[in-house]
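One chain comes next, on its own, written as structure tokens: the form predicted alone.
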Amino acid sequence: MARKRVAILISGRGSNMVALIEAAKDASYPAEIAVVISNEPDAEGLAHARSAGIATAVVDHRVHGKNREAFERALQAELAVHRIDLVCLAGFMRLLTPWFVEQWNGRMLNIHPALLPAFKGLDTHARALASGAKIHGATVHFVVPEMDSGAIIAQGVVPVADGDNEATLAARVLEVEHRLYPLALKLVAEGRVRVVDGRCLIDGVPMLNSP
């Protein structure tokens, strides 16, 4: 089976992008990173991608002013040039319109630093600490028009320690993210994930947690 061609969308350093690039260096991995695209021309992650021999592109949202559809059509054109099968968001700081999301229904993944559906949105670690939660973690999910609401592909859990602050908890979650995202992309690229009634079935079995 041919490897799936993946585009990673970033806005900054793209640490999860690095994890995906590393995983895809293995010839047996079912996906290849075909291009890294940023909406920020000076995003740190672009240099890393280039150093790894991966094509890069910039689709600067500022060029299109407040016309989100014009920006997304330019982004869609870039994805078409690279014949992309799957899209992975890795710190991509743009809200996407329903039109764009629909183009990639079931083919666009995002990673969120919380155990969805808890703590959607920003400041997840501070909110987890403030809530008194004993566990926290990360979620890879399919992207739908509603933010952080798509079917969950995989989750990784970390304990919340008594002495944790936002930085220590964030660092522990990030380690999980870097293992979880390549796992989730692998499952999707292998065609092992189906969405039934809003839930992901992995080979017919609900995926509850990552190792």
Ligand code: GAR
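Note that residue numbering begins at 1 and tracks the sequence as displayed. These figures come from a predicted structure and were not determined experimentally.
Keep in mind that the form predicted in complex with glycinamide ribonucleotide (GAR) is not shown, yet the notes after this line are about it.
Among residues of the shown chain, G106 is not one whose heavy atoms approach glycinamide ribonucleotide (GAR) to within 4.5 Å in the model of the complex. Proximity of M93 to glycinamide ribonucleotide (GAR) in the model of the complex: non-hydrogen atoms within 4.5 Å are present. The closest non-hydrogen atom of L174 lies within 4.5 Å of glycinamide ribonucleotide (GAR) in the model of the complex. Although the partner is absent here, V87 lies well away from glycinamide ribonucleotide (GAR) in the model of the complex, with no heavy atom inside 4.5 Å.
The candidate stretches are 52-60, 174-182, 29-37, 160-168, and the one lying within 4.5 Å of glycinamide ribonucleotide (GAR) in the model of the complex by heavy atoms is 174-182. The partner is not shown here, but in the model of the complex the stretch 111-127 reaches within 4.5 angstroms of glycinamide ribonucleotide (GAR) through a heavy atom at I111, H112, P113.
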